[in-house]
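A lone chain, given as structure tokens: the form predicted on its own.
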Amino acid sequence: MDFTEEQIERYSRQIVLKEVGGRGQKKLLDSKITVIGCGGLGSPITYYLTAAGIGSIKLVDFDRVDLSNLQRQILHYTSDINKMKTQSACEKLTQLNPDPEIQIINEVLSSHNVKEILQDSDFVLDGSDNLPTKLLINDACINLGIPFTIAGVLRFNGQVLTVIPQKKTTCYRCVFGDISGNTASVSCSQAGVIGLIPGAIGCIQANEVIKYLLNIGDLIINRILMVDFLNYQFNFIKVIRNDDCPACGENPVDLINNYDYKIDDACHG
């Protein structure tokens, strides 16, 4: 498989797995992923996918490291305060594993740049903490035919949904519809979150990527994983695809150019 001796040693614990092997590891090294947000979810996602040997990782975030981030955003250290999160993340990830090509994009994801940013990805991971960005990721990935996973955390709770456009699985908009005018939603800064919750949920998202790329196991599709870490309740809720969904339905519309996502300076996790 043209591995170096160092790569064989680095990835040996994965290569010995019959579900991975040399061919699987080569698939990971040849894969391109994009992570939206280098915060609470993005930290474990990028740490573990970098360690696993994903070949190309694109980091998208426009925010700077703040002291209040450090309780959960483990990519960043106290010495990184005021540094761009993408830069801080890139420094840690390249020290962890020099194999992946790390690309950083310091921009707010919007309807104007989303297709260009995501278009060459094999898989996209949502690490944002606001509903408009999640909808934008959903709509763009479906339009481009890119598999993705969307997650959310709040207080002691987390949820995960994976969408495979080629298989026409239930998408985020099927479940939540048009929530652009939702003023009742709250962020982690308002409601709080235990720092390890995004860590655990981000690990689940990373696992979804690896399983998809290797075509192994069951993905969290057509269902949402709901986790209550306070009471240790893990539940799957079946979600049914909406044939009239404007994003993934039988007659999709051009949401990217004709929908107001109302994305401002909300942070990515």
Partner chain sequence: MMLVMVEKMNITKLDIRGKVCPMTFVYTKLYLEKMNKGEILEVMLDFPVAVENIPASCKQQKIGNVIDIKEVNLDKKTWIITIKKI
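Please read all numbers here as calculations on a predicted model, not as lab measurements. Positions refer to the first chain, counted from 1.
What comes next is about the form predicted together with the partner chain, which does not appear here.
In the predicted complex, the partner chain lies within 4.5 Å of some heavy atom of S12.
Using a 4.5 angstroms threshold between heavy atoms, L17 counts as touching the partner chain in the predicted complex. Within this chain, P252 is remote from the site of the partner chain in the predicted complex, having no heavy atom within 4.5 Å. Of the candidate stretches 200-208, 217-225, 22-30, 46-54, only 22-30 has residues with heavy atoms within 4.5 Å of the partner chain in the predicted complex.
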